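The chain below stands alone and is given in structure tokens; this is the form predicted alone.
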């Protein structure tokens, strides 16, 4: 048994015996830590994993608390029924708010969450029937199997059981197809959409799940204290929840619990200690708390969980992966050699008065490598982005297997069988190599969020993992599959991107300057890999500026300069073309 597992068992045993050995004050403190942990777990998913910052979670806590408070005291509904109603209202509110705010990017999203956090506080304080600043009292206790939870201590185990179940559900979700889609949001919308991930849907899913967890915490809070008022749902509380996640470790499930514990204990002890030190009352704890948080984050920017990781022995290294027995994922039927895959006809792209691509035309057939080359600034990457759906055409047509794709998004184009790499690698560095490759199989699998939460997707997950392992063997990275992707050298990262694209089972592989920044030997390794893929009937469009790299690799070359095609044909023909020599080769010594 590893030291980490032993520590986990010690923590669970400590939580189990805490009510019997700790003072009532400490038990109460643990109860509040449990409630705050539930909110923080939602923020781990939303902010730490999906990268969507929210200061407004206290609003959803208040919605859960006020829903049960009002319905149980005014109408006399069962607390369990009010929980379901609260979850429904919260999901609806989160959907409406998310539909408006999740379209925003940069600092506009967190600013909008501040706005709804402030608005909800004043809503709770001024809506008729919610008790104003005094709030709602005499909330009935929760009952289960005829047993009423009348005291705070009696809710200790239900609250911590909820925390542990929530943690397991989040772990289940993150280790799944939809979980990888949510994690891919941090790698950028362009990367996620290029593999068919519906980024608006998964942003909304993370937002609603985090809101529902906050609602559950509010429901427990209301029945714990048996009264509610607006104060605990102020914007300050929303900021505290975010602090908990940052302190504990934004992307770590255990970080939510650790951060909730650290912040809650610090706040309580500073409130008692500082008035004695200064001899007078005041809001000194806010200043002292801020200093403590800054000092902690200076020591460990990844949160307290990372500090524990450094103190504990590392987990045993996973052995090099093997392709496990699993049902194969669906595959596209192979196309006969010579089938016309891609046809670009008169493609042009204008940015205002600047013409980046002008009347570009070429085609690609199944089983060949076509190089799109030219000097820096020639318009290669713009043409590549037109084909992959990142940019819309100004004029012209692009057809794939006879269908126009120039009016389609990257996500819809990916469904047709095009997969791509990026000029600047877009990997998720904290995820393992094999997990990065598994993202490529998103469109080849179907498991949804509910199946993932309940861990009913294991058969499909085994198939995805086996497929990813197969492609890592294919490209020569099998021995690195359990390493963090960010630990690989640049050349390996570029090959990893190719493995991820291959996991999508493409009929056409789009590679955007895969040799950029590589040393000579790494380029030779990459060229050997691409030649191998061609022998396996993989069609490739290769965008490059390195003439030496592509000359002995591609079947045909298309050369562009200043956005216009100046030559195309066999490599030896293009190399001898006077226009190419003047525009391109003449600048190489």
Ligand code: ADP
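These numbers were taken from a predicted model, which means no experiment stands behind them. In this text, the rigid core denotes the largest set of C-alpha atoms whose superposition between the two forms falls within 1.5 Å. Positions refer to the first chain, counted from 1.
Omitted from view is the form predicted together with this ligand, to which the following refers.
Residues placing heavy atoms within 4.5 Å of this ligand in the model of the complex fall in a single listed stretch, namely 368-376, out of 84-92, 200-208, 368-376, 332-340.
Residue-level contacts in the model of the complex: of 492, 306, 382, 251, one residue has a heavy atom within 4.5 Å of this ligand, and it is 382. The contact with this ligand in the model of the complex, taken as any heavy atom within 4.5 Å, belongs to 356 out of 123, 185, 356, 401. Although the partner is absent here, residue 351 is a contact residue: one of its heavy atoms lies within 4.5 angstroms of this ligand in the model of the complex. Though the partner is left out of this view, residue 112 does not reach within 4.5 Å of this ligand in the model of the complex, counting heavy atoms only.
This ligand is not drawn, but in the model of the complex it has a heavy atom within 4.5 Å of residue 423. The rigid-core alignment places the CA of residue 354 2 Å or more apart between this form and the one not shown.
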